[in-house]
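Next up is one chain by itself, shown in structure tokens, the form predicted alone.
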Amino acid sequence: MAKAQSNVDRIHDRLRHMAADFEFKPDERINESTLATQLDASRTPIREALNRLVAEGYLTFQSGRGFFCRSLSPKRILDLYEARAAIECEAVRRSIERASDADIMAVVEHLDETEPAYDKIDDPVELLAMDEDFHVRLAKLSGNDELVRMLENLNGRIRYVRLINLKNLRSDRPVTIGEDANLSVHRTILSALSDRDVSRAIRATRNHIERRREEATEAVRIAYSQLYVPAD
């Protein structure tokens, strides 16, 4: 039983990455037989993994038709950004209530170690991983495992668009500076968190996320061109 479950977990992990990266085109029907051959697996664990991905929002299911990749549209992405803002702002609120000074300082020290490298890294995948890691660390300060789980799910579902956005930011202009002139956006949030200033921490968090939300429509347009127009 453990072996079978491990096989489902392996397939689920692989399919989740494929769905997150839109290796399945938006709204494309998933061919289970092709996947079974591609992943060297039987239809049963493939079907279980696909059902998990439906529950997680990566795929959809239509009775009598099968599984489909999720849509990619500005509205869907904006909905995800709004959900992310709500979750992260609540996590920040709970972190101020519950996190110890030592726990907050640990995140500050982590930022001290990683921030100098941020401007020197050109790989958007690595940049995004650093950003997601920081926000998950913040969410964990809330002591609420469900908030962390929901944030990680949302991160996966908007990752493709965020990667495109990061590429644009790096090619067009320097990294955005936070509302305090000498502080990065992340440090602005941490400064408010350390001061136990709820309104300032929530404002900084929401502004940070909504700046990226406003660029979602253009990022979706670019995503479609990359997914459907062959590279030269």
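One rule holds for the numbers: they count along the sequence shown, beginning at 1. What you see is a predicted model; the values in this text were computed from it and never measured.
The same protein has a further form, the form predicted together with the DNA, not shown here; the description that follows concerns it.
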Exercise. Would you mind picking the one in Lys167, Arg203, Arg29, Arg196 that has a heavy atom within 4.5 Å of the DNA in the predicted bound form?
Key: Arg29
Exercise. Answer yes if any heavy atom of Gly57 is within 4.5 Å of a heavy atom of the DNA in the predicted bound form; otherwise answer no.
Key: no
Quiz item: Is Thr37 close enough to the DNA in the predicted bound form to count, meaning some heavy atom within 4.5 Å?
Solution: no
Quiz item: Would Leu163 sit within 4.5 Å of the DNA in the predicted bound form, counting heavy atoms only?
Solution: no
Practice problem: Find out whether any non-hydrogen atom of Gln226 is located within 4.5 angstroms of the DNA in the predicted bound form, and reply yes or no. | Solution: no
Practice problem: May I ask you to list the residues of 41 to 70 that have any heavy atom within 4.5 angstroms of the DNA in the predicted bound form, in sequence order? | Solution: Ala41, Ser42, Arg43, Thr44, Pro45, Arg47, Glu48, Phe61, Gln62, Ser63, Gly64, Arg65, Gly66
